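Starting off, we have a lone chain in the form predicted on its own, written out as structure tokens.
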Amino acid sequence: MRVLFKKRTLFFFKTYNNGMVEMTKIKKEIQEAKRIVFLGGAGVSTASGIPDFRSPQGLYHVQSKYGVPYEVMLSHSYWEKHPDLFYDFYWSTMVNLNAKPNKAHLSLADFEKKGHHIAVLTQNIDGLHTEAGSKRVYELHGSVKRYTCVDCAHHFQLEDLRPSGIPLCPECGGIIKPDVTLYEEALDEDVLLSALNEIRFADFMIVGGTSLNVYPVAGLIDYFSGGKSLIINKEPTAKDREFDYVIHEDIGKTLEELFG
């Protein structure tokens, strides 16, 4: 396991053996932490077969078959103007009924089951952290598991719906909207505030599987003032220098080693 770490604003590359020593140190600090917060992005779920968005192979870099970029299709205005195309794209691409929790999700959940206070803040909408067994989960961008009628506010679960076409409310006939945050929409204030408090009072922060390019979520790390911080991402990010430890490895493999 290769570990980069910050010291006096400079990064030093560790050899493999020294990197293993550093991993032992990080693991010990995590085990001793009283409150841990994990902030995860799309990279956490790619091993579950769910595509990410901004990597070179991500959804936003794939030619759209709809004539407009997929990023545009995930906007509130597109949902309003073109619900037929939105839901065709949404059901076929954003909802993966066969996806299962991977090593990253399971490692976080198992660590919590051992009695550790660990809050999971996720930008993902797949619901896999909850399915893995994590209890303290804050879904910052919502979840494909939940839906609401825009007219009568009746709530539904994914299993209540037929994942095809425009979903209509059986109570009033209104359009049912996924409880996910689209572009042009604000994040849920209660969820955001709770997530912010988890970061403020944590004494170890782990960020994983995210390039930290999406705001306001990327700005949450600025509120961390506790002990040590670690970022795990396959590719370098512009914010690597703000962390005490940096690991450019697979998120699932790394969390399994740190929490094992």
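Just count from 1 along the sequence shown to find any residue number. As the structure is a computational prediction, the values presented were derived from the model and not from experiment.
Here the subject shifts to the form predicted in complex with a small molecule, a form of this protein not shown in this document.
In the predicted complex, every residue of the candidate spot (A42, Q123 and L212) has a heavy atom lying within 4.5 Å of the small molecule.
The small molecule in the predicted complex is approached by I50, whose closest heavy atom lies within 4.5 angstroms of it.
None of the heavy atoms of S229 is located within 4.5 Å of the small molecule in the predicted complex. Interface membership of V246, defined by any non-hydrogen atom within 4.5 Å of the small molecule in the predicted complex, is ruled out. Shown alone here, E32 lies farther than 4.5 Å from the small molecule in the predicted complex, counting heavy atoms only. Only one of H116, K145, K177, H141 lies close to the small molecule in the predicted complex, with a heavy atom inside 4.5 Å, and it is H141. Only one listed stretch (187-195, 24-32, 204-212, 220-228) carries heavy atoms within 4.5 Å of the small molecule in the predicted complex, and that stretch is 204-212.
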